[in-house]
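First, one chain by itself in structure tokens, the form predicted alone.
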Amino acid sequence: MPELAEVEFYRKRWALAATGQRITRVALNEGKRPVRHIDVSAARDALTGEKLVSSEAAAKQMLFRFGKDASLGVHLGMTGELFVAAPDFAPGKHDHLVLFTRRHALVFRDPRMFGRIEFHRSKETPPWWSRIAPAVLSAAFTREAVAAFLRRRSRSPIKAVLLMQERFPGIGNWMADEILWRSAVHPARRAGSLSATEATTLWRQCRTVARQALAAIAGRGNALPADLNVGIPRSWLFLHRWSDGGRCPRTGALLRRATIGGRTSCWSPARQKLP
């Protein structure tokens, strides 16, 4: 599932292509799960003829603002992606939203249909956007807030807690493993068992991994990498966690994998010990 940095990558991919371009046509895959809850006719009418005004990413979602009052939300789900095609692009059965301009086609594709398109027409912030928790890199994401959240979820595995979007928005499976590996915390540890020092380290690594992942995967400023993950350093757990025989970049020990908190987790037994 795309996480914080991948979502920003896709947002920039659309935003860079749409800058200065007017929407000439809107194609929606009516009746399919990602769009069946919105007013398709209203969305077509509101977006056609408008230009992209601004866009932003938060957690695992994106918001694109068009004209004076039209907001388009995108949640990628497990298999969704945004890409840019030629203006004569012909939508396929998995292409649930296509915004056509004179130069490009902006495509939302989701084969498994766990993603979701939102539409809102008002100058006010859409409710589905305002409900997103404060970003990991925001001033509201404090060590005190994280420590309090760990206490409230004290009996849960720390890996499962890091995936709770109400406190760690945008953090998914690989980022959680990366954070725990850097913090030297075993993913099966109970959240309440972390010391104050360990909780502070965890908070700090959440911010560090988020910042570095954004720079490596989504690029800086208006620069966009040629593809996802090409800039990830070999010193990260990320590039070693996927296959059998992977080794810890710091200790050289074999990595372990198991299902923890309902998700496949990877850790280094030499570095992340379970008391």
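Predicted model only: the values in this text are computed from it and were never measured. Numbers follow the displayed sequence, beginning with 1.
Quick note: we don't show the form predicted in complex with the DNA, though the next part is all about it.
Taking non-hydrogen atoms only, residue 190 approaches the DNA to within 4.5 angstroms in the model of the complex. Taking the partner from elsewhere, residue 36 is found to have a heavy atom lying within 4.5 Å of the DNA in the model of the complex. Proximity of residue 114 to the DNA in the model of the complex falls within the 4.5 Å heavy atom cutoff.
At least one heavy atom of residue 263 is located within 4.5 Å of the DNA in the model of the complex. Scanning 141, 174, 100, 119 against the DNA in the model of the complex with a 4.5 Å heavy atom cut-off leaves one residue, 174. In plain terms, the part of the chain that comes close to the DNA in the model of the complex, with a heavy atom within 4.5 Å, is 105-113 out of 121-129, 84-92, 105-113, 197-205.
Residue 242 is the sole member of 233-252 found to place a heavy atom within 4.5 Å of the DNA in the model of the complex.
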